[in-house]
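Shown next as structure tokens: one chain only, the form predicted alone.
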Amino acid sequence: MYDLLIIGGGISGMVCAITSARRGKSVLILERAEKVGKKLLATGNGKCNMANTAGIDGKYNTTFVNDILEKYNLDVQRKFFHSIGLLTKEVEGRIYPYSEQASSVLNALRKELDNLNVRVVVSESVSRIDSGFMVNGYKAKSVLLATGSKATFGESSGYLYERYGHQNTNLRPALVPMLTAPNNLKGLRGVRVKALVKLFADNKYIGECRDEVIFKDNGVSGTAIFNLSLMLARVPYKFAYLTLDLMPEYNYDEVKALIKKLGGVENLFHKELVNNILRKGDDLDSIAKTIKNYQLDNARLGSMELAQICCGGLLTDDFDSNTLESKLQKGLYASGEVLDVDGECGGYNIMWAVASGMAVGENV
């Protein structure tokens, strides 16, 4: 009989296990992969952007996160990581492990699990929870579902709570590259620009982001695109498109004047981007219009395998916003991305995973 059985050995589950074990609780983690924290190693291209100093207002799809992120805020989280031997640092408002290696985070978490005698069973898939919180032959007083989502190589396990009356919203890939029509992509694979990107769905303005865009053969990627993909995943749509302002610091008339003064556009952008701009028209007005409104049609979300997170999950209305205990079944908890919580690029999703893991660990 364990005090807490955690289904899922990602960062949220591991943080919860450590927090709970420090309170003297007996904890078991069941992880379907061959080792815990596999997805963590891929976070932030291996650098692991863990949190953000910019605050949380407007960064998530729901205010359900507010109470927990206020209590287990950035300072609390950094102290937790320092307590397990992991030094963190701030780089332009983003928090990273000092080594800028995701493996450092995982190593510190695994070492602390060992120090606290938390039992970890890997290559252990869970398909159901039996009466009395019996899971794969293990019995527990409480159960935490911390399996994350289907994004990247994850799984969706919210269905495990359906027998208790919980409901899941549909899962959509988010923080993902976007596919677009091939027009305006010719020769641009690998080209990077800083642009103001606006998203429109069914001819309605959805939102915008000013950041890096990376062109691909079949669409676009980069931080600006990732954040806009999150906005697109949150709304129903039939047709969407993107517009890129390639010189957002200048207005239309200023762009015209600059091009005229410089004698052309050749030295402003990558040569292949210049070629695409000139294909729309090589007169001064056409060039300026294309620079300020470089359109990519038929925008749609990339595949789940390329997504960092999912939109959707277990309905948050059925969970206590302070403890994350189920309102429908005492002793059931959920944390991290398995809940219908999604945040922008920049460390917000790991920040939620850690905070929610700490909340469950302190209340179970």
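Given the structure is predicted, the values throughout are model-derived calculations rather than measurements. Heads up: residue numbers just count along the shown sequence, starting at 1.
There is another form of this protein, the form predicted together with a small molecule, and it is not shown here; the text below is about that form.
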Item to check | The single option of L179, L278, V126, L188 touching the small molecule in the predicted complex, heavy atom within 4.5 Å | outcome: V126
Checklist outcome for this item: Interface check vs the small molecule in the predicted complex: of V197, V143, A146, L230, the one with a heavy atom inside 4.5 Å is A146
Checklist entry - Would V27 sit within 4.5 Å of the small molecule in the predicted complex, counting heavy atoms only? => result no
Next on the checklist: When the contact criterion is heavy atoms within 4.5 Å, does C16 count as touching the small molecule in the predicted complex?
Outcome noted: no
Item to check | S326 within 4.5 Å of the small molecule in the predicted complex, heavy atoms | outcome: no
Next on the checklist: Just checking whether S157 would be counted as a contact of the small molecule in the predicted complex - the rule being heavy atoms within 4.5 angstroms.
Outcome noted: yes
Next on the checklist: Can you tell me which of 270 to 278, 235 to 243, 76 to 84, 118 to 126 lies within 4.5 Å of the small molecule in the predicted complex, counting heavy atoms only?
Outcome noted: 118 to 126
